[in-house]
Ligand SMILES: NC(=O)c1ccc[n+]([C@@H]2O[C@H](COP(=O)([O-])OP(=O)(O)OC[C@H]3O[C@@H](n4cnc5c(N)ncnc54)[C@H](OP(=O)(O)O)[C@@H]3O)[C@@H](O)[C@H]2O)c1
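Okay, so here's just one chain, in structure tokens, the form predicted alone.
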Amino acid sequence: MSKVNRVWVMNKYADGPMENDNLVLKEFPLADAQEGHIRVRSMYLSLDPTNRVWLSSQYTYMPPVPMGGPMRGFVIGVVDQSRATGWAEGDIAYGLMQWADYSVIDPSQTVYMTKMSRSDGIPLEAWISALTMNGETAYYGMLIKGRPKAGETVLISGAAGATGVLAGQLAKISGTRVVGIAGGAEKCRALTEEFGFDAAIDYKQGNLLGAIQNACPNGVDVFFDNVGGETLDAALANLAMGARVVICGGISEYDKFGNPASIYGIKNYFALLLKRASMEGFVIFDFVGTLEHAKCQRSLMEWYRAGKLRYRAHVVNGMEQAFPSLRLLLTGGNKGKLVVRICDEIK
């Protein structure tokens, strides 16, 4: 076993556009698990838009990553040392850990940590792509906050992303008509041909406001937003009476996070009044440990096994590729759920 642990650490906050040295990969001595802790060897690291938010010095729904401290992210790994009750060597752990080959953590004190079964036969790539954080985010945002009803029209921005594509499939399970917004013909084709969306809008073709109006002639009953900015503004202008706007993310504005004056100012907010609509944000940590969380996990598994919940993974290999690959989320260069394979799945 290597006695060195590679860790991506905060080197310089990104309160404007990302730079190549916001995070640096450093080597540290491999620490042992202390009393009440487990040591987890990373197998897959999830790259998500929230990682871009966590590069900022601003307090969000979590404190900023300390300067010189390890970057945080969602990881699936195997426990190779345990001094914590209820955890054994060989257990598969999923949760919020470090961007590192190994994380030493107290599972009882982390924001999100769960033990995963080896007996279900589901590849870990599927777990980290569809059945954990992204699937749960889609479930809470679409089904709990959006409350779609059969026959309604659902519009999703960032629809070809890891969460958006799952949110669309959950909306279809609810009996709605689903329209996705994505960038480029290839991604739009995937939405309709692979993931069952009823229509797709290529925002790169321009006139997004008019395109939404054409695709949603009776208005938008549920808007699930991953993008923010002008995309959110265009959707607000096309709301149906009693619409629900769910704010999941705003990736178009993340590079402006440390400079509020530069963030796009919403112009069509008055539609919330005229259409008696609501707009609400959420994060998955709101639901951890609740009965709804357990129901969500059971439902996602049921739909996945029934073939109603599909995903596409974009896998990069090696811990050293984690931070450079994060840019793919901002440029739209990823084709599916972006994950880093740190090591082969351990049998």
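From 1 onward, residues are counted along the sequence shown. As the structure is a prediction and not an experimental result, all values here were calculated from the model.
This protein has a second form, the form predicted in complex with the ligand, left out of what is shown; the following refers to that one.
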Review point. Using a 4.5 Å heavy atom cut-off, which stretch among 303-311, 24-32, 289-297, 46-54 contacts the ligand in the predicted complex?
Key: 46-54
Review point. Given that the ligand is left out here, which of Val339, Ala14, Met10, Leu329 has a heavy atom within 4.5 Å of it in the predicted complex?
Key: Leu329
Review point. Which one of Ala162, Ile128, Met142, Val154 is close to the ligand in the predicted complex, taking close to mean a heavy atom within 4.5 Å?
Key: Ala162
Point to revise | Close approach of Ser252 to the ligand in the predicted complex, 4.5 Å, heavy atom | key: yes
Exercise for review: With heavy atoms only and a cut-off of 4.5 Å, decide whether Lys187 touches the ligand in the predicted complex.
Suggested key: yes
Review point. Can any non-hydrogen atom of Gly183 be found within 4.5 angstroms of the ligand in the predicted complex?
Key: yes
Review point. Is Thr176 close to the ligand in the predicted complex, meaning a heavy atom pair under 4.5 Å apart or at it?
Key: no
Practice item. Just give me the residues of 130-155, first to last, that have a heavy atom within 4.5 Å of the ligand in the predicted complex. Key: Met133, Asn134, Thr137
